[in-house]
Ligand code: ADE
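Here you get one chain, nothing else, as structure tokens; it is the form predicted alone.
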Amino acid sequence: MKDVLPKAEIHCHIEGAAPPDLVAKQAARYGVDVSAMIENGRFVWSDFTSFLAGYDRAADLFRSEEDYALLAETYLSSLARDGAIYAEFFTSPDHARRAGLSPEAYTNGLAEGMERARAKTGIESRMIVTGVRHFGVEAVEAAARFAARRTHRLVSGFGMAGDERIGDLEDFERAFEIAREAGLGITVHAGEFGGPDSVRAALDHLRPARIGHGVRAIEDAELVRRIAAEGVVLETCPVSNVALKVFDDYASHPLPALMKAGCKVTLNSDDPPWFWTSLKREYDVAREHFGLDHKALAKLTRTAIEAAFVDRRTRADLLAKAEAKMR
């Protein structure tokens, strides 16, 4: 039975969205053995270190514009089959360079895949260029300058991912000002492996509209009240959080408590095949483990669209499309 609930995603790493079968095909194409990381059609890893190693190995199998076009088309088409009408994903100029591509060629390849998926399924999508925190201030500023040049119209946001334990967020203020001055939407990863201080520093120094994850804000009631009062949107990824042991289980995950406190939250898949999830599964988990009914889940979709880094007309069209599907 087709799931008719419209969905929207605003937190996914495109390299981490490549499904095992596509990674296996890419590996065969380039003569790389990936048997140690794919078993019975699923990615396997034992801890965060092995996850990162596998992620990087899979990402290295996308080396041309067409490879990235295929990746974006494959992922977005799968989202559309599960009822998604909108998606944003994180891109990385640093991955592009490691693949031997210019950031411009990498972005153009992804954009081609996005256009193909839209033509086939109607799904709307945008890119969020990200800097990698543990690569240092200069690397993140370079990513911000690239994003600010807006080499493709589908680039609409800027963010930062990477190890929250490295660097002080105030050192990255200039990078985010570059992006803000260019009119880009602003998001930043915080409050996943870093605690509430990570979220507070992001709010104080980077002034994002959205926080990637942000779930460990729950450890500080005053911070939760601030997030709710300021209307900052949390890009939550429950299955990822449990898989990586940020929380032991769904019973201890704070999504329901954050919602009760008035925070704006969304559901997202992060690096879906690596955590054996999908956007549909995130909605199913929220229904089964958090007790959210159809109305509550539909509200999360609306929140994601309202928080999307798109122009007013596109947002209005998406909201109208979502409402029509909810009837």
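When you see a residue number, it is the position in the sequence shown, counting from 1. Every value quoted in this text rests on a predicted model; they were computed, and no experiment measured them.
The discussion below concerns the form predicted in complex with the ligand, not included here.
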property: Distance check, P256 to the ligand in the predicted complex, heavy atom within 4.5 Å; result: no
property: Partner proximity in the predicted complex: L244 to the ligand, non-hydrogen atom cutoff 4.5 Å; result: yes
property: 4.5 angstroms heavy atom contact with the ligand in the predicted complex for W45; result: no
property: Residue contact check: E282 to the ligand in the predicted complex, 4.5 Å heavy atom; result: no
property: The ligand: the contacting residue among A28, L52, A36, A296 in the predicted complex [heavy atom, 4.5 Å]; result: L52
property: Candidate from E235, E124, E73, E192 lying within 4.5 Å of the ligand in the predicted complex - any heavy atom; result: E192
property: Region of this chain that lies against the ligand in the predicted complex, out of 248-256, 154-162, 203-211, 180-188 [heavy atom, 4.5 Å]; result: 154-162
property: Contact set, 252-272 vs the ligand in the predicted complex - heavy atom within 4.5 angstroms; result: D270, D271
